[in-house]
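First structure 1, then structure 2: two forms of the same chain, each alone, as structure tokens.
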Structure 1
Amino acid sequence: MRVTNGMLITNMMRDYARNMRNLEKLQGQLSSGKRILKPSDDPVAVSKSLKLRADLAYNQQYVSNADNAISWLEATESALKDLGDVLHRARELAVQGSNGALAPEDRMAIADEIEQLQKHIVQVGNATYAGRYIFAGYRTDQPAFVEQNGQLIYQGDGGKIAFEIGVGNRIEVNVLGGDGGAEIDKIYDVFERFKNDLRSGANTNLDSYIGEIDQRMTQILSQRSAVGAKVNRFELIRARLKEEEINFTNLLSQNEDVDIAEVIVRLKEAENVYRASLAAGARIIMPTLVDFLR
């Protein structure tokens, strides 16, 4: 086959373009730190990266859910602690009030303090987290309790709010303010009757309120214990999720990132090849007639 000048030039330009593309790819890898610049570089690795990124996104969302759940539970635990403190003080007052030697003005003073504790109970019962009423079940957009004619009316429902912290793994976090929960309305009722008896003087035997307050304290302690156990569980789950996040990030890095030292060596090699192709091309292109006339 006869080799023409045009064939030499065409081959030179093809090799020159290939060396240029190789140089550009290595420069891109070095500047980005990524081995895969476009899907065609490694379709299998791209598919694996997509899966890892999806897993990482899910994991980060579960961590966020765990953080929110812990914050919710801590707000609930704080509210339950307040209720416990109120009950402790009420019990002290009940013990004091059961003393038959109390003067009428002393009973009125105790009744006034019980009334203030009642108001605090309403405030705690309508405690919020991020603008949501924590004791209202699903009805978190409205106050859980409202005072009406000497009664505390529960406006929430029996909804159980749960946070997802894994595939098919949901944990309930909210404590109901009504029956089966903190039963804050019943605490209010005990205080209402206790206060009225103190003021009216009709019932001089106030010992029974000590037992009722103890019963309410037991209910609050039970709920508080359950909340504390859930906080511990969420913290364990969060720690595991953070470990998985590190694992996913390492796998993603191994799949996508380049070995910088290796790329630098290959880039230097490609640069030498590119320069050689330019030098060879300069010799392949034949001189023109003008060059012979010089």
Structure 2
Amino acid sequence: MRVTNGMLITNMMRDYARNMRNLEKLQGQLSSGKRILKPSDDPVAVSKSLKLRADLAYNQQYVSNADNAISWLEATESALKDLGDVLHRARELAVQGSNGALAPEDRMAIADEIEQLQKHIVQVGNATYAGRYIFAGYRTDQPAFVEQNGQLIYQGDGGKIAFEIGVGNRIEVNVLGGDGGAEIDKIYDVFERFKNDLRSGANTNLDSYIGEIDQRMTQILSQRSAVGAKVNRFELIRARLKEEEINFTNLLSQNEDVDIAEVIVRLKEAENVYRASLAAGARIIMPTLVDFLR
């Protein structure tokens, strides 16, 4: 093939431009730390990246949901524990009260304590988490219970509130204060009757209250263990989500981040090629026969 000066120059310019582009690309990778900057760099990896990013975003939200659920359930658990403690004390008092040898003053004192416990359970029944009444079903904006003529009226409803902690994975977090739930109104009712009997002295058979209190205690315990189990479940899920987050972050980094060492080596290599092409160009393009003819 006949070689002309124009060819040499064109070739050199082309090689020079290509080497420059190479340098630019490597420099871009190095300065951004990313291997892929646009979909066409690696369509498969980009699609994977988008999925991982979405997964990560989900994950973070689900961790936050789980945290919220755990806090909500912990507030519930502590309220239920309070109720359990109250029932414990009431049972002790009932045992004490069923002892026929009690003086009327003692009965009055027991009744006073029961009244205090009764007030406490109203407070517990209207426990809130982040300003929301946890025992009120959907009616989280108003107290779950009000006292009326010696009765504790449940104002909540049967609404079950679920939090999402995975795609399509929803777990109910609230315990109802009334029927089928903690049944705090019934505890109040037991206490009310117990208190009145103590005060009036009408009913001397206070043994029956021990049974009723035990019954309430069983109910609270079963609610508590359900809540505990749920907390457990949320904690497990949260731990898994956290692990997944690390995995996803790793995968994402593997997928789109550059291997700095590799890129630097390649940059050095590209730089050498670039220098060589400049040097070769400078040597080849300069001399023609013109330079050697007098």
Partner chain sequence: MRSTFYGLEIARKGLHVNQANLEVTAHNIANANTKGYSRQQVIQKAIEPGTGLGLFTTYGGYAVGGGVDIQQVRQIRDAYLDMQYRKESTALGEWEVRRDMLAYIEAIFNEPSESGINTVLNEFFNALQALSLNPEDPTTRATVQQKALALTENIRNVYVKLEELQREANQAIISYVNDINSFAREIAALNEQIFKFESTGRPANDLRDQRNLIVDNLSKIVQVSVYEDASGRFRVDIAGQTLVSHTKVYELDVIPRSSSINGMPYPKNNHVDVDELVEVVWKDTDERVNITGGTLKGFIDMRDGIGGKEQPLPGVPEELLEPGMSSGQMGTSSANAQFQPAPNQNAEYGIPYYMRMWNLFAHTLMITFNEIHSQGYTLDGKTGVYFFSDGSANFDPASVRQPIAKFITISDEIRNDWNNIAAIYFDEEDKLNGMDPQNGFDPTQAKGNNKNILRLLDLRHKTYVPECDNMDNFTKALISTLGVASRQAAHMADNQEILVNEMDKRRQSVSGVSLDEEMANMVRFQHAYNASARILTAIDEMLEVLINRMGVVGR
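By rigid core we mean the largest C-alpha set that fits within 1.5 Å across both forms. FYI, numbering is relative to structure 1, first residue = 1. Note that the structure is a prediction, hence the values are computed from the model and not measured.
Asker: Structure 1 or 2, which would you say is the form predicted in complex with the partner chain?
Answerer: Between the two, the form predicted in complex with the partner chain is shown as structure 2, not structure 1.
Asker: Check 215, 164, 222, 54 against the rigid-body motion between structures 1 and 2 and give me the one at the hinge.
Answerer: That leaves 54 as the hinge residue.
Asker: Going from one form to the other, how many degrees does the smaller rigid part rotate between structures 1 and 2?
Answerer: The answer is a rotation of 15 degrees for the smaller part.
Asker: After aligning on the rigid core, report the distance the C-alpha of residue 279 travels between structures 1 and 2, in angstrom.
Answerer: Superposing on the rigid core gives a C-alpha shift of 9.3 Å for residue 279.
Asker: Relative to the superposed core, report the C-alpha shift of residue 27 between structures 1 and 2 in angstrom.
Answerer: Its C-alpha position differs by 4.3 Å.
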